[in-house]
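In the form predicted on its own, a lone chain appears below as structure tokens.
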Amino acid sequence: MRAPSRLLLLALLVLFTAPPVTARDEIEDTISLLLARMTLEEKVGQMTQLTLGAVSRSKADSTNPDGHRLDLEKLRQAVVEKHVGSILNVHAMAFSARHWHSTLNQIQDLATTETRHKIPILYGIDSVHGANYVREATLFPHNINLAATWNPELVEKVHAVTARETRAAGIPWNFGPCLDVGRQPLWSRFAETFGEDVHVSERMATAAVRGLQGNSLSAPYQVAATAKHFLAYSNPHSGRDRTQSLLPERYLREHFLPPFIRAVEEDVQAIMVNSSEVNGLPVHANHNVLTKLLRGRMKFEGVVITDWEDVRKLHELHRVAPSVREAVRLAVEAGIDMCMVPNDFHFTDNLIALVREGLIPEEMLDNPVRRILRLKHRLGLFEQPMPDPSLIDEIGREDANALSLQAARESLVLLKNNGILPLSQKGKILLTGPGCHSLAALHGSWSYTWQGADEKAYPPSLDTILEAFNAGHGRDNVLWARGAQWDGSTDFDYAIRKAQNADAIVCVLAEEPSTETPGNISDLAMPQNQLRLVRSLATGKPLILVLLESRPRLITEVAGLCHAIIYAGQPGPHGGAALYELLTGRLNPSGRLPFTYPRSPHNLLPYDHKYSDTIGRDAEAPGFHPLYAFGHGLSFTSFEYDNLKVPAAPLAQTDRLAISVEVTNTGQRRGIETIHLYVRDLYASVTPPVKRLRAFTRAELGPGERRTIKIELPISDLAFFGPENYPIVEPGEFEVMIGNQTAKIAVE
């Protein structure tokens, strides 16, 4: 028998030593074959995203929520002729799940039967606080409320339900979570953030992405998440949406970048770009941010998508491109994969022309298209592009509603209580203010409609605060007078007459729902007619102020007139029931502010300000003097801290810092306490902040219960961005602070 040839031996060696072919390898091979067959026009089409309205002939309205109809000729032009690969958005207002299925079936049927490669459409939606564009879905409190719970496990559960109900409607891609850090309280999208602190935002970012994406994107209950808006969108210099941020590199890296790093570590599938500019450079045209930082240093492998019409705005608004065609070139070369165009084909046509003219090499499009096709494969769209009708019953389940109620309860923050709460469950209550009989005020923006202000858009099954109080307290014991309205009108006399027959007054002030540019304001003060209403009701009777707002509106001039104040934010459909439970003592509040509540309009400093920011005219007028501090929140019980223990010996930079403190419930009720661990670098080469939150945890304690809380973190968590804009831990002394306890540690 002849000996095997050397070539055969080599082949056998490769066969038995090559790594096994994985599902990921098979997907990449499939994509490579597909890419090799695609024309330039088909590639550019995959990079194009249109809004649903661009392929529709009628839209929904409050009298006919499912009145929307597709324009099949426009749809065919987009999908078949222009090879469009993605569609987004609702058309005017939320659809029923069945209408979503009908709409998506028509879209996917066209894509998978009439196009050459049968590539399914990737549909995306803004499920901002629940599947808010699906009529039967469960809505939740906004992110700022979820941050007030200080409960990452709850945040993960909320986002898991959001994923389940969004996917059940047939939509596999969510434009969330918003990971912008809320350092500018004027910003109209403040409610979409997890507050002003970077550590809280990091923890919540991890939880939100896990909840949305789960363990398998192709699972029937998961969606692809989108971390938005990269980078530093939430700190506009003017306070107005889509306006420039002016930020030192150190500040940008330390406060705005980390939540996105955590999202990338959690394998977030997409990132949406900041609509505006940072330090004079529009982010949609910034190669350093989108390619060198995001792709290079952060190793992000998913899809980078623009925000609404932002490529065109490089020409028309930011004026860095002398033409729309040049704007397209800048954005593609900067690193965008998909353009949310969203109404026409200017991106498609201009990009094709740029390639044909030799200004952009066609091979430059292969990686963006590969990433888009990869996401479609991971979502299982090639195997199952159509919505699954059996999943409709997963929308609006009882467990989801119970979770929404729990989130509302935990998000309420009792800011002030002069012994007036809990109220008696038998007396008469006057409800007044523009928020007491408004579903829009409870829900805020992104609720059935974009702005969320259309009361007719809300399902009739939902309860306002007035209706929740009627159900809980008895209609005969609840009086009502609107007192003031969003249009500036007032009826103080009627409210005052009603108050004469009440044992307590609950005044619900409310910011009119809005977001993005329509939500821009020039003054954080609560509207004057609402503040005058509070003053007119300050007659000595128990006066409880409830704040429904998307950002901290100034109430300083009336805060002293109120016996109790509750920050309710935008708590969602069960906000009224949760508020009634808190006011009557059935709920012991546990919420804590995730932002600093300002006292005055020009003192908007965050809690982690610098020592020099505290300089004031005198002791009566300090430089930092908020109305309510970051982390503030009261309970119907009390907690005491003692016996803080830290390591006595100096710590090496590779060590872990182990801390323990004893917490005791010294009151008469069971309650939840949030334990905040702050660290202060006493001296550093870059001026240190007065303190930084480095860890937090929650503890539920019964009356008289005492518990030792242990927290451990790596010394690297004490790092700051030094003179060279890299994180460093400098040797020296640090102070550790928990509650009223303080101790020093040394780092070598």
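Nothing here was measured: the structure is a model prediction, and the numbers come from that model. Counting begins at 1, following the sequence as shown.
Here the subject shifts to the form predicted together with a small molecule, a form of this protein not shown in this document.
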Pick from A111, A577, M272, L415: which residue has any heavy atom within 4.5 angstroms of the small molecule in the model of the complex?
M272
Identify which of R242, R409, R551, R164 has a heavy atom within 4.5 Å of the small molecule in the model of the complex; exactly one of them does.
R242
Quick one: which of 485-493, 451-459, 286-294, 306-314 gets within 4.5 Å of the small molecule in the model of the complex, going by heavy atoms?
306-314
Since the partner isn't included here, can you check whether the small molecule sits close to all of F175, M340 and W446 in the model of the complex (heavy atom within 4.5 Å for each)?
yes
Though only this chain appears here, would R189 touch the small molecule in the model of the complex if you measure heavy atom gaps against 4.5 Å?
yes
In the model of the complex, does E516 have a heavy atom within 4.5 Å of the small molecule?
yes
Since only the chain is shown here, I'm wondering whether D126 would be in contact with the small molecule in the model of the complex (any heavy atom pair within 4.5 Å).
yes
Please run the contact check for K228 against the small molecule in the model of the complex: heavy atoms, 4.5 angstroms, yes or no?
yes
